[in-house]
Each structure stands twice: as C-alpha cells, then as structure tokens.
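Take a look at this single chain, the form predicted on its own, given in structure tokens.
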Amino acid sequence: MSPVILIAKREFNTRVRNKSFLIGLVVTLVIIAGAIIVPTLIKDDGGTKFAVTGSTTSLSTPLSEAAKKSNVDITVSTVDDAATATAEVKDGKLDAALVARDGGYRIVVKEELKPEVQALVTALVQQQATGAELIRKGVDPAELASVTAAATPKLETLEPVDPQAAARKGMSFLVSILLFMQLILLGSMVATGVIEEKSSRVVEILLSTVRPWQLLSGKVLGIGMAGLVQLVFTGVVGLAAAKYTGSIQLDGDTFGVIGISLLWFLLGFFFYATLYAAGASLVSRQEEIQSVITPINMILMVAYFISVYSVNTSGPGFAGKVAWIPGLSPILMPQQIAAGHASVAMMLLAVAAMLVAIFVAAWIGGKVYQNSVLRFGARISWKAALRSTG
C-alpha cells in the first residue's frame, strides 16, 4: 500500500495547491453563502402596516387577535383621523387604513392589498356589523357567542405536525445539490487526470514503477480526499450562513445528517470515480473524454432530478422506492434521510447494496483501466477492454 499512499499524497497536494482549485473553492463558498444570505437581506418582511381610524378604532384589538389566529402578518396601529391615515398611506408609512366614509367603510391603499389581509378585514367588519344588528334586535351577545363557538369546527390532524418540516425540506434540497455538484466535479477531475497522464505518456513512466491498480487507487483516494476537504468547507460555510439567517436549527439531527451525507459522499465518490477513471482510460485525447463520461453523468443527473422532484412531495414518493439502488443512492439516500423519510432498514439495505456495487465497479473499472491505459490511438470499447489481456 506504500505506493498507493504516495500517489494519493501527490494527487491531494497537487489538487489543493492548484490555483484553479482554490479559486473554484472560493467561488463556490461565495455562491453558497450568497444564495442563503442575500434572499434574506432583500426579501420583503411580508408584514402589512394597517391603521384604524375614528369610529373604526374599536376594531384594533379584534383585528390583531384575528390576524394572529389566521397567521396573517399585520401590524395594527391607531390614527387620529381618516385624512391623516390617507396621507400616511400615500407617503408609504402605512400599507392600508380602514376609514368610515359615506355611511360605510373603505380600505385605503396606495396601489394594492394582499388578498388575505383584505379578506380578514372584510370578514371582521361584517362580523361586527352583524353582531351590532343582532344586538339591536334583542339577541343576547353572550348566547350568540356560545352558539357560534359550539358550531366552529375544530381541526383534527391524523398525523403529528412536524415543526421542522420546512427546514428538513430545505436541508434535503441543499444536500442533493452539494452531492450532485461534488460527484460530477470530482468525477470529471479524475477522468481529466487519467487522460492527461495517458496523452502525455507520463503513465508509461509511472507504470514502470507501480502497478496499474496502485496508480488507480492512489489517484482516486487523493482526489477523493481533496473533494472531501472542499465539501467540508462548503458545508461549514453553508451551515454558518443558514444559522445566521435563522433558516436552520443546529441540533443533533442536523449534525447527524451532515455525518451521513459525508459517508454517502465517500461511497458515491469511490463508486463513480472508478468508473470515470476506467472510462477515461479508453480514449487517448481530451476531445474524446465527453463521449465516455456522458453515460456516467446521466446516471447522476437522473438521481438528481428524482431528488429535486421528491422535495415537493409530502412523503418519500418515488425517490423513497429507488433510493436503495446503487448509483442513485449516493444522492437520493442522504436526501431521504434529511427529509426524515428513510427507515433504518432502508438505510442498511442501501449501504450494503452500495458496498457490493463499489466492489463490482472496482473490479470492472480496475480491469478496464489496466487493459486500456497503455493502449493508444483509436477509442477502445468497454467490451474490448474487459476481454483484453493487456
């Protein structure tokens, strides 16, 4: 294993000291942080500044209470008269004001009002008018309130509400994006490294002192460690940004998802990197590399699109049924775990299946790499590489 470790160290040092790697890391960190922080800084607070005036001031407390019960963000204030309220709406100090005018009520706005706010105010005004009319006709308000309360349907949930559901969905989506980007990027890096060594004939010199499986293992291990460093930095910055904006709660579950995601990154990387390296060894020129890695990229893209689709579903959905399949599991399984949809049995099955897949990929990829990395000229088919004896 000594040559493998030496090659891995060489690959790791070469990658992390490369200017393009460092620039790419900084750009990625800035994009991740910006994508989380900027929307929080520029978004509208969503609240409606609403004023009641004159004879409508009695609606101040009922409106605030009704808004709280309905989860409608309204800040209610009292203004002395309708003229002042109208002026403040025009100046942008208020979003809307309720005024009594021409024997009725008017909601004054500058341009438009959120439909949920208009519906809430309208319902409250109508309720007050109905109550006043019933009282005028001799109906006991206490008795009316009792009958109304008894007739109000209560919400009965069949499953407990998960207060972290939205945060889980956000984290599952973030995990899918990061793993997809890292596996595609590092897989392409492995393939590029193989073809560079082959096209420059450096591989002939290397294989004069080490065996093909040692060169392949060291390359995959070194680039994988460099990718892990990049992923850890990206994750730390992403978590810090999410914590700053309050969009995520750092607890045991969160760190558990992080640990599992790192594990699946390593499993996925060793599986795909071997295939990328084997595919790149089939060609001798950089221009041909896309033709051999595109089928591998397609598997990752299918897994990513399934994960994106499943984010908007209420349960595990289709992604939960295929998350254990090797090739798809490095992206889908962490996403399902982050969303809280994966059972322990499913996780164990996925890990076992992935380990078997890594073994098979290593055997096939190693054989293809050994039989084709020293063959130059026209592209070699996978079938020919597997049959070849050298």
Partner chain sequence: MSLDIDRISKRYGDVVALREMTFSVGDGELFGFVGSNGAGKTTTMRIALGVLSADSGAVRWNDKPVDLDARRQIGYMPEERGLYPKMKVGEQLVFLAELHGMSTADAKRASLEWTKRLGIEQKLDDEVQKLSLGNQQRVQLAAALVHDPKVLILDEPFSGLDPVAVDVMSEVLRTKAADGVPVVFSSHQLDLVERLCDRVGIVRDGQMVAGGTVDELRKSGTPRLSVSAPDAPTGWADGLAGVTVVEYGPTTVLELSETADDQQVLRAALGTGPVREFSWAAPSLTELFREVVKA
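Positions refer to the first chain, counted from 1. Keep in mind that what you see is a predicted model, and the values were worked out from it rather than measured.
Another form exists, predicted in complex with its partner chain; not displayed. Remarks below refer to it.
Peer 1: Among 277-285, 102-110, 208-216, 263-271, mark the stretch whose residues have heavy atoms within 4.5 Å of its partner chain in the predicted complex.
Peer 2: The contacting stretch is 208-216.
Peer 1: Thinking of 3, 202 and 374 as one candidate spot, does its partner chain come within 4.5 Å of a heavy atom in every one of them in the predicted complex?
Peer 2: Yes, the whole trio is in contact, each within 4.5 Å by some heavy atom.
Peer 1: Looking at 81, 196, 73, 140 here, can you tell me which has any non-hydrogen atom within 4.5 angstroms of its partner chain in the predicted complex?
Peer 2: Residue within 4.5 Å of the partner: 196.
Peer 1: Is residue 7 close enough to its partner chain in the predicted complex to count, meaning some heavy atom within 4.5 Å?
Peer 2: Residue 7: contacts its partner chain in the predicted complex.
Peer 1: Does residue 379 make contact with its partner chain in the predicted complex, using a 4.5 Å heavy atom cut-off?
Peer 2: So residue 379 does not count as contacting its partner chain.
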